[in-house]
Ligand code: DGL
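Just one chain follows, in the form predicted on its own, and it is written as structure tokens.
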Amino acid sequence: MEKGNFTVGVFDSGLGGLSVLAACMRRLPDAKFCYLGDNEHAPYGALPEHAVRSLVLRGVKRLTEYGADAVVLACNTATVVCIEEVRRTFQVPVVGVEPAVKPAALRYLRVQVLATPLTARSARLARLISRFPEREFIVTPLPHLAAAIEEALPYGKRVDLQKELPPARGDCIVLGCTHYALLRREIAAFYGQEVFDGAEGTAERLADVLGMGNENHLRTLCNHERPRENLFGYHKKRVVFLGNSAKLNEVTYFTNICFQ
């Protein structure tokens, strides 16, 4: 696949995948992207697994029909529920997102993982954590935070973190839902601890899958090689938003500082 000559489809249950989209666009500045957020059914973390599976397969099908050469499941719940089935079903490379357990475990002894109920009890997360037996992990399911973010962020409302977040029980925080990454700064301030999320790791994995992983890191390209005032115009030319919530996701992406 020639440099720049591919389109990446990004799928999420709603707004959460916008954080992954931003990381992927920074990492692959020559790629084009299409984003599909299933905001109507968000969040997935509290749905039955069979419902998540059906919605994800339908969403990925839409992205491949649009012409995506690779797909990112920018939803932790979708990844733990059905990424293997998605890979078997479609002929394009599929990259999932996982909580940033490894970088957290390399720096801290006690790691608190915040996740949706489905992700929190998943075998996939348990396997990920089991790779670091010398560390203590506290997995905390949050049944309402993703929905609160979905309902607040597009409309400039604040999420009551005092209500939504549990007390600190570890030395750092790992965000096990891409929705949570949209409030990464606020969550870090709430706990006074370092916060990890999987967006950058997903972008690196995507670069590897597309054969771009041996290039020099390009995360700062937009800041250093393109005038700041042209940044959003540059991004708008590279991403198309699909689905019934296309306009909502597009406006949210280009008007919130958390994606810059």
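Note that the structure is a prediction, hence the values are computed from the model and not measured. A residue's number is simply how far along the shown sequence it sits, counting from 1.
Another form exists, predicted in complex with ligand DGL; not displayed. Remarks below refer to it.
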Can residue 196 be called a contact residue for ligand DGL in the model of the complex at 4.5 Å between heavy atoms?
no
Using 4.5 Å between non-hydrogen atoms, is residue 59 touching ligand DGL in the model of the complex?
no
Within 4.5 Å, heavy atoms only: does residue 146 come near ligand DGL in the model of the complex?
yes
Heavy atoms within 4.5 Å of ligand DGL in the model of the complex: does residue 183 have any?
no
Counting only heavy atoms and a 4.5 Å cutoff, which of 155-163, 133-141, 170-178, 103-111 contacts ligand DGL in the model of the complex?
170-178
